[in-house]
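Just one chain follows, in the form predicted alone, and it is written as structure tokens.
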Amino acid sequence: MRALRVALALACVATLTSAHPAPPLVNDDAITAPGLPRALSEYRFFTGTGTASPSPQLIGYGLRSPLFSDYTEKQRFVYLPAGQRATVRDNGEVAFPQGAAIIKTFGVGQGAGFRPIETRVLLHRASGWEALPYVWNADGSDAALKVAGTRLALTVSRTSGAAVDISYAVPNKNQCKECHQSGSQIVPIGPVWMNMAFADPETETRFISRATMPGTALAKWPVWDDPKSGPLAVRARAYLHSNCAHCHNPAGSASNSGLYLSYSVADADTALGPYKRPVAAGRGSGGHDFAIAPGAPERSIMVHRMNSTEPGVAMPEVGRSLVHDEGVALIRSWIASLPAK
């Protein structure tokens, strides 16, 4: 719940107008032209220090069930070329016009105390999507392109408030592909319409026109850690979609596993995990027989791998160095609630 509240609070920043002179417009050429801008400032997404002053052209949003990233806080924005909006497909996937950009900043602290660590951008060019990571310098004046990725010493706070020191991984360009690859293309994975949340209707309207929405009802997903927002099973499915399904789908990098964790997979489908035997988990199976052993989370490969930080065992494979205790607890509770045959 904390993650959604923070994301929405930060999203409000993007809708505020300023009494000061208008900042320079976002640099469309940096987004669309071939080449790799060496500094984040070249895009003009932000003015001043850090991310405290996003361009009024950016559209802030949050995710109801976000990807876990070592308890870092995140700010999310979309840039759409002038006069254009995104559209939503019948399955809830969001289609962005050419020239769009998705900007996600990872950091520590909340509100005015937020300190950016890295900003990842997805640029929708004529050749397709380009994924690039930028690391902020110490004074927050700019962020530099790190195509090869890097490791950073970072202190984060668990939900309990306990501080923990980690070696934070900024992915290299190829690692970005591991999550964002669908078939032969790079695609956005976070902005699924049912998972998106906006600060107010005006912000949502800047992103998409309701007149273009599909006729199929696309109900919003629950907030994964808020029992009042939906049943346990639905919250667990939303969590698995956001944290696992970008790889575990028929076109993803884990397609050969046969374990498909998209929200749309039927609950009774073995591909979701109940009584599904691993294809090639090796020691990642932990000696267990099934991805999900209904009624027995302690005998489920899924829980074993989520609860590990050991290379070759831990899932997801990239993007975390800590166990997401609350996420594991959610999936444990869901598996325990499933009736055994």
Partner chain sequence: MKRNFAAIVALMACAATSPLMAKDIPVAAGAGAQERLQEALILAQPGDVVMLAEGRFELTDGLSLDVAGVTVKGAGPTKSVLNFAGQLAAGEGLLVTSDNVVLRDFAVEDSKGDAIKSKGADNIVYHNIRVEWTGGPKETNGAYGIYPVESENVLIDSVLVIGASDAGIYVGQSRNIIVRDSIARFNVAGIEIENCFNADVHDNIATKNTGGILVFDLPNLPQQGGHNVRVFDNVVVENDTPNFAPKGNIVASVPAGTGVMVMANRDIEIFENVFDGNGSSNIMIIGYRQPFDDAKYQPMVRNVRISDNVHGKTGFAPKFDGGDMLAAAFGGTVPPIIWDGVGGADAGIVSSDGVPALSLGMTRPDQPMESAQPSLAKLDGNAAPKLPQIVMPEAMEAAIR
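Residue numbers count along the first chain shown, from 1. The structure displayed is predicted, hence computed values, not measured ones.
Same protein, other form: the form predicted together with its partner chain, not shown, and the subject of what follows.
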Quiz item: Here the chain is shown alone; which of Thr270, Thr159, Gln110, Ser209 has a heavy atom within 4.5 Å of its partner chain in the predicted bound form?
Solution: Thr270
Exercise. Tell me, out of Ser308, Ser285, Ser41, Thr49, which residue has a non-hydrogen atom within 4.5 angstroms of its partner chain in the predicted bound form.
Key: Ser285
Quiz item: Okay, which stretch from 74-82, 148-156, 220-228, 114-122 lines its partner chain in the predicted bound form, with non-hydrogen atoms inside 4.5 Å?
Solution: 148-156
Quiz item: in the predicted bound form, do Pro97, Ser182 and Ser262 all reach within 4.5 Å of its partner chain through at least one heavy atom apiece?
Solution: no
Quiz item: Is there a heavy atom of Gly252 lying 4.5 Å or less from a heavy atom of its partner chain in the predicted bound form?
Solution: yes
Exercise. Please check if Gly258 has a heavy atom lying within 4.5 Å of any heavy atom of its partner chain in the predicted bound form.
Key: yes
Quiz prompt | Any non-hydrogen atom of Asp289 within 4.5 angstroms of its partner chain in the predicted bound form | solution = yes
Quiz prompt | 4.5 angstroms heavy atom contact with its partner chain in the predicted bound form for Pro56 | solution = no
